[in-house]
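One chain is shown next in structure tokens, namely the form predicted on its own.
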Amino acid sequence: MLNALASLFLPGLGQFLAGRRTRGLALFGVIAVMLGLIIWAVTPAVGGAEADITFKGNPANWRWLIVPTLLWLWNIWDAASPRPVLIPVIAALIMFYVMGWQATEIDLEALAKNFDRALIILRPMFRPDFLQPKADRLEAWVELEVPCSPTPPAGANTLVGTSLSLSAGCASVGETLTLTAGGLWPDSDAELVWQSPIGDFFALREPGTTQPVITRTDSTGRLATRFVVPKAIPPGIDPNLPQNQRLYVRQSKVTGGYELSTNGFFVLKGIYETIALALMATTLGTLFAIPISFLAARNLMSANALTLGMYVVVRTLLNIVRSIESLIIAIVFVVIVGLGPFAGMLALALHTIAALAKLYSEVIEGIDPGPIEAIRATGATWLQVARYGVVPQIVPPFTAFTIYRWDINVRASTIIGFVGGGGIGFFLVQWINLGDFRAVSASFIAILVVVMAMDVFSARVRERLI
């Protein structure tokens, strides 16, 4: 009876006093989380944005108090006489999942309403832009500035018998300009292609569509067309800073066979950067993680107060670094060293050091203590104990963990590029922003092939070593 009264006062207290401490703490934690979630759900959004159709700030969420109330009553009954936990567990899960469904504003009808929009994205992805028919090509370009500076370029250019001119030498994103050209192949289609400040190419699109801008020359090889200046500023660059960009006019005549397309070239370049980035980050991270892992192993650092203090400091630092996602670290390094794969490599290397040092230290802590004690008994130094008693036991798992981390870094490096850290992700975010979903599809396939190959390779190596 005393336990029931204790649980009436504080959920889980009766169970705790009765020796069922895990159950008591679990009941207290679950009920506290439920009450906190309900209070959050009925609290208006910051700024007084009480939306009557949204989940947060809806007074109707007070009805969920019935669940923690019933669980509190069950907790009193359980304190007096232990009961099966299936019913309260199911009730708690129903509340968490239903409230989670509402909080995430899942709207299945929106999928049906936006089906046409999805098709606009998915249709071109079934035709990945990696290869193109081999052809003879004629190309001319003109430079312009986006946005305008006090001294913009002339907006005209003459190359090998061709001439291009723009209605203005500079413009802002979204403005419409007129292009006139001469010296091209007569009675032939011509494609307008944009080159961004970082050097990547993409076809200009008709406004509001994914269709490329295609115009046709007259019988004298001249054309005149209008186009909208696209947004081609990569992440990390001030969009208000004038950047020199180029507009290309390209013509082609198919000659038979296939060759790598322009976007296919960038896909291969990005994948190469991704693999190299992951390899260098893993190598650098491993070199630093190995010595740090010995300082983070309790069984090696508990000999005296000094080494134990070093162990606590190192473990704390490793936990801090591991808790910060590599994507956030990449943003910091992009600010420090600028855009490119170097920033991404540094971010992944730092995160790799913390992750591998933690894994390595746990391997060291789990080794057989017999050889260590025998070597210590001979009066060996700390370095001798590590060299002869620890290293022979840790080489296979260390190698396996290192290869597995390389596999993880290959996956992570595809995302690092989204914040300017190089690799395929750097090109991928540009193609997504520009709506070039054929190039997006090609990059997805390349990422899939590389990740699958790395997964098979790392799994085979780990099987042999462990």
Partner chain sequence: MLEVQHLHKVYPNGTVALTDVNFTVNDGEFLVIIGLSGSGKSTLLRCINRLIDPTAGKILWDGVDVTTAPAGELRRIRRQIGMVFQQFNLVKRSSVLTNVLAGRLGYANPYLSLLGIWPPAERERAQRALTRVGIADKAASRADALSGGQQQRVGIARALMQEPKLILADEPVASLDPVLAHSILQYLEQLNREEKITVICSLHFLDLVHRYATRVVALKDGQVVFTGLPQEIDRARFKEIYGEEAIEVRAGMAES
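Rigid core (definition): largest C-alpha set, two forms, superposition within 1.5 Å. Residue numbers count along the first chain shown, from 1. Here the structure is a predicted model, which means the values were calculated and not measured.
In what follows, reference is made to the form predicted together with its partner chain, a form of this protein that is not presented.
Proximity to its partner chain in the predicted bound form, taken as heavy atoms within 4.5 Å, picks out 379 to 387 from the listed stretches 379 to 387, 219 to 227, 114 to 122, 150 to 158.
Note on contacts: among 197, 183, 82, 371, the single residue with a heavy atom within 4.5 Å of its partner chain in the predicted bound form is 371. Comment: its partner chain is not present in this chain, but in the predicted bound form one of 133, 396, 239, 100 has a heavy atom within 4.5 Å of it, namely 396. With a 4.5 Å cutoff on heavy atoms, residue 375 counts as touching its partner chain in the predicted bound form.
Contact check for residue 208: no non-hydrogen atom falls within 4.5 Å of its partner chain in the predicted bound form. Under a 4.5 angstroms non-hydrogen atom cutoff, its partner chain in the predicted bound form lacks residue 256 among its neighbouring residues. The shortest heavy atom separation between residue 338 and its partner chain in the predicted bound form exceeds 4.5 Å. With contact defined as any non-hydrogen atom lying within 4.5 angstroms of its partner chain in the predicted bound form, the stretch 28 to 44 contains no contacting residue. Relative to the superposed core, residue 374 undergoes a Cα shift of 2 Å or more between the shown form and the other one.
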